[in-house]
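This document opens with one chain alone, in structure tokens, the form predicted on its own.
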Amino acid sequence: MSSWLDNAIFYQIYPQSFMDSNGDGIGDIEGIISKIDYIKDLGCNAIWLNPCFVSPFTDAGYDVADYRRAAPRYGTNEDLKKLFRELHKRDMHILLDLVPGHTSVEHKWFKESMKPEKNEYTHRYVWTDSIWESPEGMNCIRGISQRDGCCGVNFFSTQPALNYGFYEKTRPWQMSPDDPEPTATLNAMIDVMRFWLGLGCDGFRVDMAGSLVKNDKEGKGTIALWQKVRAFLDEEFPDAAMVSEWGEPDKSLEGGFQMDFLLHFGTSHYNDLFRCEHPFFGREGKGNVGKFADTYKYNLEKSGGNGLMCIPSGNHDMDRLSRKFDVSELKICFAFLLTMPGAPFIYYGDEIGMKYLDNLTSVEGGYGRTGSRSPMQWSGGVNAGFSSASGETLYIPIDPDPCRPTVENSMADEASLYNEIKRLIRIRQEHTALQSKGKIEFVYAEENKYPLAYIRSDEREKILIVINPSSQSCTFSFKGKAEEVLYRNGELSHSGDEYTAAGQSAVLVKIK
């Protein structure tokens, strides 16, 4: 099953903002193709592509109007097939972003479901049977057609929720996940997956994967649903990968996903590391890694010790890392991100330290997220090399800072964040213990203390990683003999079993 995930390092592309090949101010598929070699040279061997399907773009493409057709502003299905081929030529893979929980109000399924006359799509969405009753626990849209009832929405009011059934039924209009209508919804989504896998994509990053079956507090109905999808994949596309936006690895892995994201919401304490008032990776040294480590170990045990939990540098929904950290701190962040189990995900531009842009007008439902979605900064040329369009027609404005980081100046600077990440990726790929399935043992991860130390291991070797983001040196005890330093950013010394990590340091050491 998807053995290519064992050493995968993902690069997330937000297509609107990556590279514009035709000068219309919006990134496109040909633009992505033109930069594949850049991604490969960085060391990434896989891509997660944000939604690229036909959409009215009220939520940047997470409101799909046609699951089987590329949005014209990006190109065509043939362009996507070319992208798949070009990646495969370079032994690279790609996950498309699947949005199974809802569609756009402009999707033909929804337009048919609004009709008062019963038809194939009447129950494709979560509808109550009265205009006066909202679905419990959900926002809704109502009064938009002659059909009596309210339709539940998953997020924005333009995103009606697809009907996969209710695990616990409390109202007459609710259906079981095994009823014919929810089953038809699932089969329709499987057909979408079959379509794109048949054209050459390698799998899917699944949006809101844990939300499909409603009234499902323990996730049992949703787990059973994804197990059916996994059975389909195992039979027809055994190498296809599924990575879930779920945030509960024990559930997602049981459901048949190979990997699960740690999210910026939920219980993982991911935000304790990078995005809180006093993040652990800040040089001030006031952070707390203890709850993160405890939760990580708990989830690891619940999920059978597979370690397939992905920790992203960020994504289109989060503030960029650089909003909290400078380049020195970012280097320490990536020493952690690129030495943890599961596949790392690097959000486009994070490798050069692109900034979060404050006070931007919302674009396509971005609101506060818009500042993390600005165009990729390739060079010192017009529009930072992203597009030949006039500035006012760009999808989102370019960072106006004349000292903004670019790929061009980052590649030329041996001490840049970009080149540090390249070194870390190379080391990860040279040592299987550091890759997706290598085991992890936390050596020192105490409440409100520094440093963080852990061992990654497999049958070949053991590697001690010691990370001290704080500006002050700190000590910990460890019984183990150091053999070879694999990576050094700062100093790690020891006297007997007492190890001292210099301030703002990250060191990787082979041990016996």
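Note that residue numbering follows the sequence shown and begins at 1. Source: prediction; values computed, not measured.
One more form of this protein should be noted, the form predicted in complex with ligand NOJ, which is absent from this view; the next part is about it.
Quiz prompt | Complete contact of His102, Arg205 and Glu245 with ligand NOJ in the predicted bound form (any heavy atom, 4.5 Å) | solution = The answer is yes; His102, Arg205 and Glu245 each reach ligand NOJ.
Quiz item: Asp59 near ligand NOJ in the predicted bound form, any heavy atom under 4.5 Å?
Solution: Asp59: yes, in contact with ligand NOJ in the predicted bound form.
Quiz prompt | ligand NOJ contact at Glu106 in the predicted bound form, heavy atom, 4.5 Å | solution = The answer is no: Glu106 has no heavy atom within 4.5 Å of ligand NOJ.
Quiz item: Heavy atoms within 4.5 Å of ligand NOJ in the predicted bound form: does Arg320 have any?
Solution: No, no contact at 4.5 Å.
Exercise. Indicate whether ligand NOJ has at least one heavy atom within 4.5 Å of a heavy atom of Tyr418 in the predicted bound form.
Key: Because no heavy atom of Tyr418 falls inside 4.5 Å of ligand NOJ in the predicted bound form, the answer is no.
Quiz prompt | Contact assignment for ligand NOJ in the predicted bound form, among Lys355, His269, Arg369, His123, heavy atom within 4.5 Å | solution = When ligand NOJ is considered in the predicted bound form, the option within 4.5 Å is Arg369.
Practice problem: Name the residue from Gln258, Gln159, Ser387, Ser113 that puts a heavy atom within 4.5 Å of ligand NOJ in the predicted bound form. | Solution: That would be Gln159.
Exercise. Have a look at 192-200, 133-141, 310-318, 280-288 and name the one stretch with heavy atoms inside 4.5 Å of ligand NOJ in the predicted bound form.
Key: Within 4.5 Å of the partner lies stretch 310-318.
Self-check item: Residues within 4.5 Å of ligand NOJ in the predicted bound form, restricted to 32-53 and counted by heavy atom
Solution: Contacting residues: none.
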